[in-house]
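Shown next as structure tokens: one chain only, the form predicted on its own.
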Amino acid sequence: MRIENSLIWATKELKDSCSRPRFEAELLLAYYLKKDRVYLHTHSRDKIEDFRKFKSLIKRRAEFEPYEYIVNRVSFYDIELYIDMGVLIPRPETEILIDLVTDIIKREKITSIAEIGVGSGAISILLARKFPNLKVIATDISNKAIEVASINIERFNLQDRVEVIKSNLLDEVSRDIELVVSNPPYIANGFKLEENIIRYEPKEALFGGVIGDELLKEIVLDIKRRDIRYLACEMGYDQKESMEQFFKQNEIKSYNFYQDLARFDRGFIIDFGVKFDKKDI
């Protein structure tokens, strides 16, 4: 089949599984041919060799498998990461968390941080790349996440500054830490998610408990007990009220919430030490 006809067919196949079927059809064909999308338009009359292999890629996407798992890569911030089934696909919203943590590291000249729930390694890698003197210890309970994060860390030659260990929260971490960053599971059990998420992405990286904020609260208390000054954490869009009440109940006075680009509440920053102004974040 020719490229132009293949794209027409693939677009129809993908109309129910993604919001931009033509665009994703082009992405998958460019991936299969190892070419860029421009090539598809300049060689639209060329025939595709072994069309069945391309057809199998489209079939996977038509069954809601995320594009990132099919091609084993994801664009995040200004880098591309390896990704595989069993590891949460990093979201654009997490880039905001990285920017906020970047500001704190600069301001306080922080040199040692931890990440809870390393996933693909996106957060730890981005921060290590931004700060050449920064040491990061990242934890996860998932062997698959540790495997994928380690691959990405090696790709960026950061093995000497980003250490990944298997641990629940910071249970296995004994090093002195100045700041903790986390994008933990915070979705309530039973919350209805899109097909591509609920079918394929790891549930242990999505659901945080019956209400959803249970793990968030556990992280806050753990950091407070350890006398670590800063915690930067993502949360659900509907969890600001419950978390603020929790902070007050536990005498946590210096905190600020932040929003994503859609103006949804997306996370919080806690300073367990000296109080800072909202303008600082």
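Residues carry their position along the shown sequence, with the first being 1. Keep in mind the model is a prediction, meaning the values are calculated, not measured.
One more form of this protein exists, namely the form predicted together with a small molecule; it is left out here, but the text below deals with it.
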{"property": "The small molecule in the predicted bound form reached by all of Gly119, Leu169 and Pro184, non-hydrogen atom within 4.5 Å", "result": "yes"}
{"property": "Proximity of Ile141 to the small molecule in the predicted bound form, heavy atoms at 4.5 Å", "result": "yes"}
{"property": "Residue contact check: Thr94 to the small molecule in the predicted bound form, 4.5 Å heavy atom", "result": "yes"}
{"property": "Interface membership of Ile123, the small molecule in the predicted bound form, 4.5 Å heavy atom rule", "result": "yes"}
{"property": "In the predicted bound form, Leu88 touching the small molecule (heavy atom, 4.5 Å)", "result": "yes"}
{"property": "Which of 200-208, 147-155, 126-134, 101-109 sits within 4.5 Å of the small molecule in the predicted bound form, heavy atom basis", "result": "200-208"}
{"property": "Listed residue (Leu27, Leu215, Ile70, Ile252) with a non-hydrogen atom within 4.5 angstroms of the small molecule in the predicted bound form", "result": "Leu215"}
